[in-house]
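Consider the single chain below, provided in C-alpha cells and representing the form predicted alone.
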C-alpha cells in the first residue's frame, strides 16, 4: 500500500511540472517568436554528394580502370527504369498489336487463291545456295529471337510459372546462347546481301505494285519480277535492321568496343553508358525486326500459299509464278525456249 502511494505522489509531481511548463510554451507560441534553429550539419552530406558524382573534383578511390572514382552510377538507375517501365511493357504491346493485326488481315482477306488453280508443273525458283543462306539466317534469327524474348520478358512471364530458381537456369542458358550465336548474325546478313541484292533493285512497275498493295487494292493484275516490291522492302529492311542490331549487339557482347569508343570520343564519359544506350537501341531494333519477320512468315505460309515451297524444295507451281511473278516467269520461259 505504501509503495502504491509513493508512485501516486511521483506521478502527481510530474503532472504539476508538466502543467507548469504548458503556459510558458503557449505564451511563446502566442508571442510569435520562432524557436531557435538547430544547426547540426550532416557530416556525411559531402561524402554522399561525392559518391553520386555531384562534386566538381572526383573522389579518390581504390578502384582502377574505366570507373575510377565512380561509386554510384546514376545513369544505371535511369537505364533500369527505362527497361522495366518502357521497354518491357511497350515491346509486349507492340508484338501483341502486330499479331492481332495479322490475324485481322487473315480474317478479312483470307488466303490468296490461284485463279486457275495449281497446274501441277513446277519451275525452279531458288537454287541450293540461296536456300542454304536463307535457312542459315533463319535458324540464327529464331535462336536469337527466342533467347532475346526470354531475357526481355522472362521475369514477368516465366517466374510466375516456373519460379525464380528455374528461371535463373533458363535465363543463364539463354544469355550464353545469345552471346555465342549473336556474332554469327552479321555473317548471315552479309551472305544474304551479296546473294540477293541484284534481284532486289528497283524495276519499272514497282511503284504501281505498291500503290495497289500487291493486288489488294484496285482492279487488274499487278506485274512483278522475281521479287515483288514487298519482298524488296523486306530485303532492305532486313539489311539495315541487321546492321543496326549487329553493331549494338557487338557492343554488348564485347565491352572492349565500348571502351575503345570512350577512349576516342570525349562525349562519352563511361563505357557502361554506351552499353546502356546500345541495349535500349538493340531492344527497339529487335522488336521491330521480330514483328517484321512475323509478317514475313505469315505472308509466306498463310496469306500467300505456295510461297514457302520456293525455300524448301526450291520449286513453285507454274500458275503461282504466272500470277505473282509474271515478268520473272516470262523470263525463265524465254530462257528455257532458247536452251531447247
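Numbering follows the first chain given and starts at 1. The model shown is predicted, which means the values in this text are computed figures rather than measured ones.
Although not depicted, the form predicted together with a small molecule is the subject of the following passage.
Of the candidate stretches 126-134, 140-148, 158-166, 195-203, only 140-148 has residues whose heavy atoms lie within 4.5 Å of the small molecule in the model of the complex.
When contacts are judged by a 4.5 Å heavy atom cut-off, residue 290 counts as touching the small molecule in the model of the complex. Looking at residue 272, you'd find every heavy atom of it more than 4.5 angstroms from the small molecule in the model of the complex.
Within this chain, residue 94 is remote from the site of the small molecule in the model of the complex, having no heavy atom within 4.5 Å. None of the heavy atoms of residue 227 is located within 4.5 Å of the small molecule in the model of the complex.
Of the listed positions (258, 222, 245, 188), a single one reaches within 4.5 angstroms of the small molecule by any non-hydrogen atom in the model of the complex, namely 245. Put simply, of 183, 110, 213, 76 only one has a heavy atom within 4.5 Å of the small molecule in the model of the complex, and it is 183.
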